[in-house]
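Take a look at this one chain, the form predicted alone, written out in structure tokens.
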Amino acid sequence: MQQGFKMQTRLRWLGDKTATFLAVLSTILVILPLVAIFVYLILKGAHSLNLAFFTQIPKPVGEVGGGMANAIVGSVTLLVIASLLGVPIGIGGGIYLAEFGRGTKFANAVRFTADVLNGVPSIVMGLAAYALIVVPQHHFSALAGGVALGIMMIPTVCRTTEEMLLMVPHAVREAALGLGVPNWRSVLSITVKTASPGIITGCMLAFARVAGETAPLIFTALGNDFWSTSLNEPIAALPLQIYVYAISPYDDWHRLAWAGSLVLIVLIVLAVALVRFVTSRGVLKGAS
């Protein structure tokens, strides 16, 4: 009997170690492609980064040098427009689905639409924005590009917000209502605040997804080789500039394309890390 107990103990120990090993291996396999891509971008593009890259606009064909300063500013402009459109609408839709529209036909239709939009190719989003904004305006613009990216953010933010709110225990809602807090205030001040880390993660996932999109911008923002910050004119963007340089036959443009890819990845990582840091401090202060 004692021998059987020792055998079971060994089997449990072996099972525990095996599960731990598989979990660590899975984590490594998830992180490894990201690390490999980042290292490769550093090797290919880091030597092309200099002050001119961040302060100058692209040089004409045949001239060596230049930079992507206008594309960096353009990407920031487009992402700000997209976030101002996609994040509030997405969070509002998620709150409705989780708190006010449970079981209704309209909520089911919204949920189904969000799931469908999540799978729609980005180029289709660009064509839709082209038909709805560019054609009536008769010109390309930064506003059209930002709207296209914002529409792409909405379904991801909406569904993530809904799932995070559904994970909040009902006891939290009941406690707030029992204290006489109005339902709308309970949702905004307690439920949403409790689920805020997950909601922020969903917003960052949507942000990272659209930050590198090129196809929608071809039909909306178009691109611009010069300085432009007007919302009513074509504007440059890092993904567009990288695409143009990558398909060109010029080695100098290929070098700048690698540098632009590295800068784009770094900007996305820094933006996500900064938002997570600021919001986590806010959450901790609120909890204290």
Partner chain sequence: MAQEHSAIRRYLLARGNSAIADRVFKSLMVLCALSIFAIVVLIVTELVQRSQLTLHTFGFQFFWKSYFDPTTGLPAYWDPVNGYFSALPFVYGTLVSSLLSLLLAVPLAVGVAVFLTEMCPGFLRAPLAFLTELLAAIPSIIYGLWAVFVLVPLLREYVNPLLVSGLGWTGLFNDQNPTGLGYFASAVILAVMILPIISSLTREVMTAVPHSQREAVLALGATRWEMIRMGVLRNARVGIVGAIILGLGRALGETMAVTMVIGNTPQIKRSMLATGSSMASVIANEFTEAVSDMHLSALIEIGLALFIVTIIVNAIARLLVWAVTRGAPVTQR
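Everything numeric in this text was worked out from a predicted model, so none of it was measured. Here, rigid core means the biggest group of C-alpha atoms that superpose within 1.5 Å across both forms. Positions refer to the first chain, counted from 1.
The form predicted in complex with its partner chain exists for this protein as well; it is not shown, and the discussion that follows is about that form.
With the partner left out here, its partner chain still marks one of 193-201, 73-81, 168-176, 95-103 in the predicted bound form; by a 4.5 Å heavy atom cut-off that stretch is 95-103. Taking non-hydrogen atoms only, L49 never approaches its partner chain to within 4.5 angstroms in the predicted bound form.
In the predicted bound form, its partner chain stays beyond 4.5 Å of every heavy atom belonging to S230. The closest non-hydrogen atom of M164 lies beyond 4.5 Å of its partner chain in the predicted bound form.
None of the heavy atoms of I42 is located within 4.5 Å of its partner chain in the predicted bound form. With contact defined as any non-hydrogen atom lying within 4.5 angstroms of its partner chain in the predicted bound form, the contacting residues in 17-38 are A19, T20, A23, V24, S26, T27, L29, V30, I31, P33, L34, A36, I37, F38, given in sequence order. Once the rigid core is overlaid between this form and the one not shown, H139 does not reach a Cα shift of 2 Å, moving by less than that.
Once you line up the core between this form and the one not shown, the Cα of V76 stays within less than 2 Å of where it was. G103 shows a C-alpha shift of 2 Å or greater between this form and the one not shown [criterion: core-superposed Cα displacement of 2 Å].
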